[in-house]
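One chain follows as structure tokens, the form predicted alone.
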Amino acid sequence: MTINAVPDHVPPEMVRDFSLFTSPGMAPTPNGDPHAAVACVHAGPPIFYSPYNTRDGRGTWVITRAADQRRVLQDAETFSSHRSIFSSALGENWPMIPLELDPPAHGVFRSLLNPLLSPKRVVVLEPKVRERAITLILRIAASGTSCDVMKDFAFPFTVSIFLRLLGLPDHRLDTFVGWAKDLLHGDDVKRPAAARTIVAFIDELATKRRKEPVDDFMTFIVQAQVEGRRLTEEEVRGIGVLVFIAGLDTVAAAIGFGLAYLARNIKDQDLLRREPDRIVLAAEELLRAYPSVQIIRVATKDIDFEGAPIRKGDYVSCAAMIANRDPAEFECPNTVDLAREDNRHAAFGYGPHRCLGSHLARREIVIGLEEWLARIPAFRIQNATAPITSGGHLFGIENLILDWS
């Protein structure tokens, strides 16, 4: 990782040796807990400068308080979301839409896409989501008394829902998951290669849907109009890439972290099994305790923010995993309390860019937990195995072997 020098305008006393990529607990670790590891920042100042807190080693200001993160994420005029995270891996500069657009353009595209993932639309999708969960879990239950829950359930479940949304066949599921893993968790060789593959795939799918429209997401996008015109090829690509990436990793990780917690906490597992009505509330607490995303903004102008001299062009990090462990926001933040109410967690972000797919994600997580607990007996992490967790831009979990023998 290349580490950039600390800018001259950053006071030395505000620099802290911290990174979501390299700090203790962030590297892929058996039985690790990166979420607990980042909570240590709350023992220090509310905002500090990390010299190497992005994948490419760039420094960021780190906002630790949930209330301050909300201020940043709601102020798109001062803190821009246009970073070209994906296209920069290709040496290009186009935004994922609407994630990397600022108002007013953001609102135009957000209004276009909102109906596709609205609560009403999710109600329509729910029977298929539940059917897919049941099918996978019955297959797992019939094949033995243990499974690698990420490979056998979490990824096939969440990715197949997303594939159905895009109008893509399930038989390519493993291929798409492989691309996502290389893009989100791969090295400096795998990431650009995966990015090129995904762009080529989205461009090819868009071309195909223009010629042969069907009832799916990509057909809607290539036929849609904003402000009286069709979308450009770059805009179609920006939307397609965002939806592709968003559907492949974060919800599966949420289900994995949640099941890992329940496997280690049998009393909570038994409670949800006896009283499934508690699962909706419990899912919110698991999202609070184990979010996966660091959100980064770029300062558009010089500003003094809570004593920090942020300058135009500086990166500002609003990591959900830090906000969700803020003791000023949550009582006993490092304790998982499945009955916690009024849970204003940051797992889906804040402000105008709050996660477009949050309604579908929530239902997938709740349905996944409901059907798993209804059909799989009391489960634990299999002896002599250890789930591997990792930090970074997206926190992840793998090798989660559950046993109910």
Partner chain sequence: MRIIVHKAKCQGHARCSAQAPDVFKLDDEGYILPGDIEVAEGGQLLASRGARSCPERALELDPTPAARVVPDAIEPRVWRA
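Numbering follows the first chain given and starts at 1. On a predicted model such as this, the values are computed, not experimentally measured, just so you know.
The same protein also has a form predicted in complex with its partner chain, omitted here; what follows describes it.
Picking from 23 to 31, 51 to 59, 342 to 350, 370 to 378 the stretch near its partner chain in the predicted bound form, with a 4.5 Å limit on heavy atoms, gives 342 to 350.
Among 120, 301, 196, 211, the residue placing a heavy atom within 4.5 Å of its partner chain in the predicted bound form is 120. Checked against its partner chain in the predicted bound form, the residues 110, 264, 230, 151 give one hit for a heavy atom within 4.5 Å, which is 110. Its partner chain is not drawn, but in the predicted bound form it has no heavy atom within 4.5 Å of residue 42. By the criterion of a heavy atom within 4.5 Å, residue 175 is excluded from the residues contacting its partner chain in the predicted bound form.
Residue 88 falls outside the set of residues with a heavy atom inside 4.5 Å of its partner chain in the predicted bound form. Residue contact with its partner chain in the predicted bound form: residue 93 places no heavy atom within 4.5 Å of it. Scanning 48 to 81 for heavy atoms within 4.5 Å of its partner chain in the predicted bound form gives 70, 74 in sequence order.
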